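Heads up, the chain below is alone and in the form predicted alone; it's given as structure tokens.
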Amino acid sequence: MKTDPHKAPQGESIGTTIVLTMVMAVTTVVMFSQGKMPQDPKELIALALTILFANTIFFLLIYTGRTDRYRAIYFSTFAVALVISFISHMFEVRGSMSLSEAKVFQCEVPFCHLVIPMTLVPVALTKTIIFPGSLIGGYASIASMFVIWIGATLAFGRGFCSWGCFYGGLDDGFSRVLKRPVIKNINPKWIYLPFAVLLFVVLTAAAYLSPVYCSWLCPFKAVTEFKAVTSTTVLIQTIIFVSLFIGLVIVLPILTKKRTQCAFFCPFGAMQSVTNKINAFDVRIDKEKCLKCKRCIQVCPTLSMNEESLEQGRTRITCMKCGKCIDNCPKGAIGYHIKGTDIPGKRNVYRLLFLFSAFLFLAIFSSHIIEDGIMRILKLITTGSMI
């Protein structure tokens, strides 16, 4: 197969790729359809397109050897579909994106994984869940999100932020708008800010038994749900949400080609960085192959590579396992690795094991959202409304 002479990634043979894609296709058909085909034509078309899209991306991931390029396409599509699906759903059940006090008191707020760091300490100290969501059942229940988070964390650690987070695809996508960054020199100390934010929101949540990050600092309130503006305080909160979204999720990723919200602000990402110590996979560098060209340091969207980590043959704790350093290494010295095995080892086998499990998680986690997003667009085309 043809490869870019300036890049090292090499994919699998067409035979191996077809076999693996067939396995993925059977799995996704069963999981996405849940064993039954929808009767509504638009739902059937949306399901078919979702299955086709997922398996096309998986085929390209395996065959071309380029992980980040095709992961990012799927990941960003997932994030956009979430915005379309979530907002449409809110208008269906509430008539708007605003969150009324009645819905809060009725515990009908969809649970978001970004809240997890703020819930752990209050649960441990007071046995109280400080989020007004449904424990089981309903849309995005607390129990279901915790189960998904625990499973993904044990397998991928902070890889969740590149293979699962339904918000991460937004700043990931915007970071690819320009070919070259406008802002090139970023102080590496910014990488520690999310840990400070994490400490702040955990302590304030424990002190006030309230998810402070959700109330004041979450950029994604701007594209999901927020309190109806009925007071000066809520107006200030709304301005903060919108400003953070525009700055951290759109403008700065475009200018820096970095995932600025994820890398320099998100407290959940900081917590996931710690879980990188306990997951099954990591990214390692074969120091015998490494040319010290520092291309990996330049392209890393989260500043998770530096000269020290390069010398150590590993990424920093904040690595999201996106695969961008792997795609851009001219000697193929960087790759996915299973902890406890040899570094050079069976590099292709490690990659396949990681990609199959990570992509399957992403595909299953996102399937309903992408399918619903497509169906909403089909509704808009055929009826003029997404709801």
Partner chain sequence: MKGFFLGLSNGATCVAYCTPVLIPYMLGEGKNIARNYIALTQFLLGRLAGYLVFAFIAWLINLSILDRLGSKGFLIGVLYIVFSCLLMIYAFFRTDVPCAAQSIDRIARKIKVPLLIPTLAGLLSGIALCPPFLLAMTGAAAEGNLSYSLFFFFMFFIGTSIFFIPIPFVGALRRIQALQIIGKMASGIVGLYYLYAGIIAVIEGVRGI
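Residue numbers count along the first chain shown, from 1. Values in this document were obtained by computation on a predicted structure and should not be read as measured data.
One more form of this protein exists, namely the form predicted in complex with the partner chain; it is left out here, but the text below deals with it.
In short, of 220 to 228, 253 to 261, 193 to 201, 152 to 160 it is 193 to 201 that has heavy atoms within 4.5 Å of the partner chain in the predicted complex.
Taking a 4.5 Å heavy atom cutoff to the partner chain in the predicted complex, the contact residue among S96, S243, Q298, T233 is T233. Comment: the partner chain is not present in this chain, but in the predicted complex one of A207, V182, A143, C293 has a heavy atom within 4.5 Å of it, namely A207.
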